[in-house]
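The chain below stands alone and is given in structure tokens; this is the form predicted on its own.
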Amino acid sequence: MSNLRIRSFVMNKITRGLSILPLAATLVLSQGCALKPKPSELEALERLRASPSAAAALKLKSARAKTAAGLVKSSDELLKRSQDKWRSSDLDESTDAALMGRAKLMHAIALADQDAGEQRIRQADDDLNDVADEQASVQKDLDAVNEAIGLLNQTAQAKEEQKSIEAQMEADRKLSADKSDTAEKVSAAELALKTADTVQASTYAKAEYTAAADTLARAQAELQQGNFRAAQMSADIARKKAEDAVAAAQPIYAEKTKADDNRARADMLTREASTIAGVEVRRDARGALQRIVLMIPADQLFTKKQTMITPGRDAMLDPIATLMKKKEYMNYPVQIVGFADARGSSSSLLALTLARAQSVQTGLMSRGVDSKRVMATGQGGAEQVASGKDRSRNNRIEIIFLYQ
């Protein structure tokens, strides 16, 4: 059996041995209520989890196995959370969890693909060693033939036979070398395409990725047919197109991953801030800048028109300072903005709100918050949030975490 047939037989066995680990998703409908349409992000995560690629990530036996298994487990937990949130009609939370779960599962699949690529390279090395052994055997036979010919009488017939044998041996060596070179180039193209998969080039560089995949398929067919020169050219083109796909998709994939991470971290900060007693939390955007706002009524910190925090009321700054110092949020700049009811002169209101913001800034800094992260400003009677009987709500301190 030739090396090419052996290699095909082994690859078929490996492919048939793969199993798909299905992940059942159970929908529970409350009595008399209908679920909202399932988010597309959740459906995409469920499809990816049920794919053979996800199953393969759990079957690694290399040093990456523990990391891949951990990523799949984390993704499964996020999948369950996304499904639970969808069933409870919390589509935003469901979408966020699904995006995070998909990112982790794609990471695990990329590790599995990397293992598979390395295995193919090792197989290619084994094939090359086999070819080298064949060449050595051919050379040994050729040497034996030459020795036998040297013992023959130098007749015309013996010379013709020698020429014929040498020509056949040369043709065999050339064929073996062409086959080895072609197999190596096809393997390099396959690895380049797997690398493109790790940055989702099929989505972010679709034209380049499709061209690479089609050209690689042609190279594999030409190799099977023994058309080595054409297969080498096709493999070189496929590898170049796959590399172009990686170059095009890499920045988009990195930006998408960064955005997903930022959203997940902002979600976590919002949840933690919402547990602080006496604080109202909201999220909004101003241009490209995203904001998580912690609003504290002024009367929880200050007495009447005072600008210094009333003794005994500064304890509510403790959980806020603890939150600001957590390593997950250390890179978030923070604004402390004072606001007041619009009644009164604008200059006095600006002075009052600035002084109160600075008092809060000082309180946070005394609790270990880095002063370089914090900026205090006063907005006076700007940005009124209430009127009539609720005008007192305009007297407030806003602690704003900024991110993109």
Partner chain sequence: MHRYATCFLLLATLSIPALARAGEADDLQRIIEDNRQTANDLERLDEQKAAGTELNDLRTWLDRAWNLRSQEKYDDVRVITDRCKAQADMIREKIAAAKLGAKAAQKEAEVAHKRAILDRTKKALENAKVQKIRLGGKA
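Numbering follows the first chain given and starts at 1. These numbers were taken from a predicted model, which means no experiment stands behind them.
If you look for the form predicted together with the partner chain, you will not find it shown, but the lines that follow are about it.
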### Query
Would V131 sit within 4.5 Å of the partner chain in the predicted bound form, counting heavy atoms only?
yes
#### Entry: 4.5 Å heavy atom contact, R120 and the partner chain in the predicted bound form
yes
### Query
Do E208 and the partner chain come within 4.5 Å of each other in the predicted bound form, heavy atoms counted?
no
### Message
Within 4.5 Å, heavy atoms only: does R291 come near the partner chain in the predicted bound form?
### Response
no
### Query
So in the predicted bound form, are Q232, A238 and M268 all sitting within 4.5 Å of the partner chain, heavy atoms only?
no
### Message
Can you pick out, from A124, L91, I165, A248, the residue that has a heavy atom within 4.5 Å of the partner chain in the predicted bound form?
### Response
A124
### Message
Give me the residue from S180, S74, Q220, Q114 that has a heavy atom within 4.5 Å of the partner chain in the predicted bound form.
### Response
Q114
### Query
Among 181-189, 198-206, 325-333, 99-107, which stretch has residues whose heavy atoms lie within 4.5 Å of the partner chain in the predicted bound form?
99-107
### Query
Can you tell me which residues in 376-392 come within 4.5 angstroms of the partner chain in the predicted bound form, by heavy atoms?
none
